[in-house]
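Just the one chain here, the form predicted alone, laid out as structure tokens.
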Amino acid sequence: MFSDADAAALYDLLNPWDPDRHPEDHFYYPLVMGAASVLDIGCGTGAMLHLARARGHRGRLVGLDPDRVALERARRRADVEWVEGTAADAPKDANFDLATMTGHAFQFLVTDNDVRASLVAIRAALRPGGRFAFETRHPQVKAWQEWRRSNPDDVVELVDATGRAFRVWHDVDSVLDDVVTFHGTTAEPDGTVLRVDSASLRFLDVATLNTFLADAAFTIEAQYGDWDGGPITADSREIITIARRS
């Protein structure tokens, strides 16, 4: 058996949150630690907010996610608020200094209505002048072409806390306009499939993304093409955005 709880624990193994080792976490860490109140949208198992509190953040920290099982794992730390819901369910008039969507969570907003409703709610959750920091993969590099079992860089071998070994890989099912649908497979080392999870991601280009932000009354404070703060270029793999509530 490979339960939802097992999958949540495996996610933490696959995606450890460590600003000392991972450039994307290093980018967000000072933003989070420097904000008096933080809303982490798509918080998953809560690793980022766990670490922020452990390293001395004294303000309000709230994690929001629709995955109940992931939130159960997040609630191992009780000095952070955990709320079940989507980005569109962000609390209104909460006066957060910072909202985040890390781990490419923004790409799970697949339809125009999803994006619009989420941005409206996020803006309403921020104080005037509050900031929204997030990233989305730049469509120009077609990252999904790397998501296949035949690509050795996409196959991950790991061992969980009980000593059980796993193999994880991805395969793309379809590419329709700017939406990519794929599935991830978790298997035993011999290839015996334990679990298959499907998802769709949207790959917005810069112009379309910025139009959505402007329509939601956000002003772009900064936009980068890499985690070192470089500009967006023809080779950029990311669109990293800090937007301010107008």
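Quick caveat: nothing in here was measured; it's all calculated off a predicted structure. Position 1 is the first residue in the sequence shown; the rest follow in order.
Below: the form predicted in complex with a small molecule, not depicted.
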Can you check 187-195, 34-42, 54-62, 212-220 and let me know which stretch has heavy atoms within 4.5 Å of the small molecule in the predicted bound form? 34-42
Spell out, yes or no, whether the shortest heavy atom distance between residue 143 and the small molecule in the predicted bound form is within 4.5 Å. no
Determine whether any heavy atom of residue 99 comes within 4.5 Å of a heavy atom of the small molecule in the predicted bound form, and answer yes or no. no
Does residue 130 reach the small molecule in the predicted bound form, with heavy atoms at most 4.5 Å apart? no
Is there a heavy atom of residue 224 lying 4.5 Å or less from a heavy atom of the small molecule in the predicted bound form? no
If you check in the predicted bound form, do 17, 66 and 109 all have a non-hydrogen atom within 4.5 Å of the small molecule? yes
In the predicted bound form, which of the listed residues (155, 105, 94, 120) lies with a heavy atom within 4.5 Å of the small molecule? 105
